[in-house]
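Below, in structure tokens: the form predicted alone, a single chain.
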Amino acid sequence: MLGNFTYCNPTRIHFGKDSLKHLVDELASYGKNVLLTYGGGSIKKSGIYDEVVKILTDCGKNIIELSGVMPNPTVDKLYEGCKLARENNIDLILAVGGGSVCDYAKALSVSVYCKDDPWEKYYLRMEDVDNKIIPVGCVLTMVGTGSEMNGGAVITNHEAKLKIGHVFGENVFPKFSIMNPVYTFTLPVYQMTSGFYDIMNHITEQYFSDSDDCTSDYVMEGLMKSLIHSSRIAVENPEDYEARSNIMWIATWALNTMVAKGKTTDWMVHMIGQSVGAYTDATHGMTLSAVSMAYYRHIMPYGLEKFRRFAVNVWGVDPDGKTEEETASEGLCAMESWMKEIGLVMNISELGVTEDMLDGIADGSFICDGGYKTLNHEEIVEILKESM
């Protein structure tokens, strides 16, 4: 039975090759001071920076730049942004980049006027926002996180060896997001495929929960099949517009909260993967791919019916003459083959994890109870060992 829920997503999406032109209309709703936030400078090489700055200038905006947002945004970078935003009385934070930049912008939006330490308040105590929020807009250049249409914001504290996500309410969602698939063409293949698996795992985290035959499961199966198809095309030709546009749209629907409604959802792969990232600073999607297979094989017996359905409906496994377990296992093998085919990292040792880190990574993995099996510390260590 589908659970009770309330659904609202306030983010306005502008999608396609000409989507940046809508930035002009969006800017009219905000004051003069815009904090232009981006990463390491790739948007300057691609020309996106110049396009955005011209629009901001033509619209009479004061541009305050905050560059250098890293792939795993840190709490120190958050504090830096808070100081800059307060000093310049920012009216809008415009994030130009991938999911990390969008995540950072949302974390910054709730932290600038926070009277407490935002790391303590939002990431350790997981409290709600009770202060002024600076609105956020996004110009997306990398797909995977779905951050352009949700309230999630992941921040890393290297000193504490913690990487934590806070899912804020709809008042923190980006007010608008501009999504031009062409902007993703120059992304290195490693980052591109990492994003592909982030998308897949967002879907499986929600799919592998509950046993009900609900509408969300059918939607997610379609999203996964489309992703598998388009990812293979994109790996062969990264500038295939149809494939990249489909993947961009799949990523948004994978984590804009819609398919999660009425389901408990799992998220343990993310919890373990994020803890790996806190120790290694590795690319997020690759931390997920490196632990996924060990995790799913560990929990498969507890959700055998859904894993069998996954094998048949997503991977086309023929169940005739096979037990449920044999069919389910074949489905996971098919996913593993696809992961290797598109070039994902399949073990955590390749990301820099060593045996002496395993207990600490397990300690830093927050326990979720929405999946088929609630793990304990020892089980997480075992999964990590199997992922080495």
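Note that residue numbering begins at 1 and tracks the sequence as displayed. All values reported here derive from a predicted model rather than from experimental measurement.
Omitted from view is the form predicted in complex with ligand NZQ, to which the following refers.
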Position in contact with ligand NZQ when the complex is considered in the predicted complex, options Ile348, Val69, Ala328, Leu35, heavy atoms within 4.5 Å: Val69
Among Thr193, Ser292, Ser111, Thr145, which has at least one heavy atom within 4.5 Å of ligand NZQ in the predicted complex? Thr145
Pick from 75-83, 312-320, 91-99, 233-241: which stretch has a heavy atom within 4.5 Å of ligand NZQ in the predicted complex? 91-99
Give a yes/no on whether Thr184 approaches ligand NZQ to within 4.5 Å in the predicted complex, heavy atoms considered. yes
Verify the contact flag for Ser275: yes if a non-hydrogen atom of it lies within 4.5 Å of a non-hydrogen atom of ligand NZQ in the predicted complex, no if not. no
Contact flag, Asn62 vs ligand NZQ in the predicted complex, heavy atom cut 4.5 Å: no
Give a yes or no for Ile299: in the predicted complex, does one of its heavy atoms lie within 4.5 Å of a heavy atom belonging to ligand NZQ? no
For the stretch 22-61, which residues lie within 4.5 Å of ligand NZQ in the predicted complex by non-hydrogen atom distance? Gly39, Gly40, Gly41, Ser42
